[in-house]
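Structure 1 and structure 2 below are the same protein chain in two forms, each given by itself as structure tokens.
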Structure 1
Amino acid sequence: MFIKKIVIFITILLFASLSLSAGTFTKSASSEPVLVQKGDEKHWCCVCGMNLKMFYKTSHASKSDDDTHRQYCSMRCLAVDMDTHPIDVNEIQVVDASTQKLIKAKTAFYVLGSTVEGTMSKVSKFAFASQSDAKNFVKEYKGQIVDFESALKNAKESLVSDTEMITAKKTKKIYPMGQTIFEKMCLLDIDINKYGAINELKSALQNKKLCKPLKEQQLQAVALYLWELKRFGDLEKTNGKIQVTEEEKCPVCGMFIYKYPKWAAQIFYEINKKEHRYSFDGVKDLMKFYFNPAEWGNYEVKTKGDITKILVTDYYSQKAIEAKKAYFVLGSDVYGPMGNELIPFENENDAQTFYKDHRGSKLIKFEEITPQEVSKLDE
């Protein structure tokens, strides 16, 4: 009987060892994953659209000041999102690769650079609540144990090279596959600009039957093609959109405007009967400048009276519209390059639809915008 127990014990140990071997270790959830986002889009990463259950053991979650929850397939996507959303670092959570529970990222032990393939990154990052679990992982898969700050620093520093790697794969295989599937199996008049994030688009493709039934890999390829390629291709073809050069920077935040065509806005003024302009990466920064140009530097526009025209980008049509005739939604769950935004619409019905669909807190006209309303967006 004693020998039998010993055999059973050794068998259990061998099974545990095999389950953690490089050949069998999987990043997918082995039980029901904890998903913190709302709506049907909660199943996918809000940055890249990857299936969260499939990449659960590298998943991170964040919470903004307005209690908006977002979830990512990887620390790489978290790092990308931190550039455009007001994320509270103290509220970031990560999945413990051992217990598969969400834990505070700041207290986690990260294994950096193991032999297990990374998620959206050349360097893998796995987190553990227990230091002993992290050490056991290192024994099996190499790598070094670091804290959250070090892991995040690595993710930010490798963003450029990781993005180049990912883009090369998409360009060679995924985009062409996505285009083929889209043209054969989906409605061709999908309004991509209705959606605030790729996981919203992906949810609509699946749940609103915008495409015939697709497997996850096919669905991801279509979503990436539409969101990252066709969406911007369509923007280039949009007549009457706001035009910017690659050199133009926002006077308020210093960001390059051409990177964010969906949010571009402009203030115009005249000198010696010649028209000049300042371009902004969103209405929020434009309004900050509009109310007090001198706060942002020594610009030729000194007061609101020097301004001859203001253009903003209609969220749905992506066309340039006159700001003073537009409708603006505040406090929605859609963020611009600088976080909370005033989102413009030429048509009041479009503004009302967006206001309801994206949980807006207020719908106002240009003349109702105040410095206080703008300031609240940064709180």
Structure 2
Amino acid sequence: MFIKKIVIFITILLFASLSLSAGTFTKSASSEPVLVQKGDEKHWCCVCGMNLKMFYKTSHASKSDDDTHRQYCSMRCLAVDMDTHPIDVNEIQVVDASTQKLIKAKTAFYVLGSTVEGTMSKVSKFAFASQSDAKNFVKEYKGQIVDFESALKNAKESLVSDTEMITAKKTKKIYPMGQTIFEKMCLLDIDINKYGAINELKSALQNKKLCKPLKEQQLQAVALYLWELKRFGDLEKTNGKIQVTEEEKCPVCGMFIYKYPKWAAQIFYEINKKEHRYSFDGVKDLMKFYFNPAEWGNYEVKTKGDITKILVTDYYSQKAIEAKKAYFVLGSDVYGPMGNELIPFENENDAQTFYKDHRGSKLIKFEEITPQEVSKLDE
């Protein structure tokens, strides 16, 4: 009898310690998850393609008017899908993070901004059917209890910044990785347009042997690369650095360009059907030449109409970018080989960041650059 008591005591202790060590909260399903979508693609989110079992506790499901069921990895993907699909808000279901069953989202208690990481969002959102479960969760992981509407509102508001975060990760890491895996492991003649959603593509990749067996992470990388990039062309391979020879000198200041690859800029002219190229060691000199080529010597260039393209070097990525689409920051604390510079950026966000970081005085587009502005830089 005594031994039995000890055994019971030990098992209780064990369980207690197990539940105490729940500090590592996982979002994946602990048992077989409920999947409402049909076919082999039901294992993945229809918007982002992530594995539903792995992010089951933040999963949402919806029903369209035509009675198709769709399931998402998170409220973020639901919010994205609401823009494009007719979704009945009253039919939205969510996984109860404690019982792991699908419940009505409308009546659920959402915990917003707990210390547990969110799925595809900086702010995590977990739903509970009972208020006491939600309160227990808050006790351990903080956050606040709200209803479905305000949770959804929060998801929609943070959509832009969340997408930004995800895009940064995708372009810098996942697409290149997906591409190498695709080229090494998959059949190269996959017709992507055949598939209606990313989860269909993913299930085809896995089940129709389009790729050699891949791990979930690798499969996701391939699917994202194919779905979001290859479908619309490919990784821009031409977007390399500006190429200059060792002989090329800046027509304005006479310095060798190859010594300052970080600042290289080029104008391409077409004169008498022949391409002429002039390279500069900075946008400032390029602009001086652009406004008045005759001032810098007897060049064949006559009009701006002869220009075929203008390339500048993006400050952050060091890649060649089209000047007419670029953003320029003036008066920053970063100096080029010729002193004050117009510093080019491919996208506005980067330009804004640089503007703040390096105390720029002006952020303008190519058309807004004037000769006065350029000469002011030399003062």
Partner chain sequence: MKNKINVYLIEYAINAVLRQKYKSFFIVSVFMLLTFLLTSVFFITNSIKHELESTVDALPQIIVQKIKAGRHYDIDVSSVDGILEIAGVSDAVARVWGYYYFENAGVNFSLVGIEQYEKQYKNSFESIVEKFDLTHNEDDSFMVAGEGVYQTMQQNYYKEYFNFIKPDGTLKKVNLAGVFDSDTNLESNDMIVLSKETLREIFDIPESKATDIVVRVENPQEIQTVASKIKLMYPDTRIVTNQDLKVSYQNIFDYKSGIFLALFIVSLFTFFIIIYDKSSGLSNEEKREIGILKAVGWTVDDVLKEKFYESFIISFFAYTLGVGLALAYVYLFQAPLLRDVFVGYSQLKTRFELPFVFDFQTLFLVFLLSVPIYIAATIIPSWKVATLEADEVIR
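Structure 1 provides the reference sequence; residues are numbered from 1 along it. Note that the rigid core is defined as the largest set of C-alphas that superpose within 1.5 Å between two forms. Predicted, not measured: the structure shown is a model, and the values here were computed from it.
The form predicted on its own: is that structure 1, or is it structure 2? Between the two, the form predicted on its own is shown as structure 1, not structure 2.
Using a superposition on the rigid core, decide whether the Cα position of I166 changes by 2 angstroms or more between structures 1 and 2. It does not, since the I166 C-alpha is displaced less than 2 Å between structures 1 and 2 after the core fit.
Take the rigid core as the frame of reference and indicate whether the C-alpha of K202 shifts by 2 Å or more between structures 1 and 2. No: K202 shifts by under 2 Å between structures 1 and 2.
Determine whether the C-alpha of S30 shifts by 2 Å or more between structures 1 and 2 once the rigid core is superposed. Comparing the forms between structures 1 and 2, which are aligned on their rigid core, S30 does not shift its C-alpha by 2 Å or more.
Between structures 1 and 2, how far the Cα of F328 shifts once the core is aligned, in Å: In the core superposition between structures 1 and 2, the C-alpha of F328 moves 47.0 Å.
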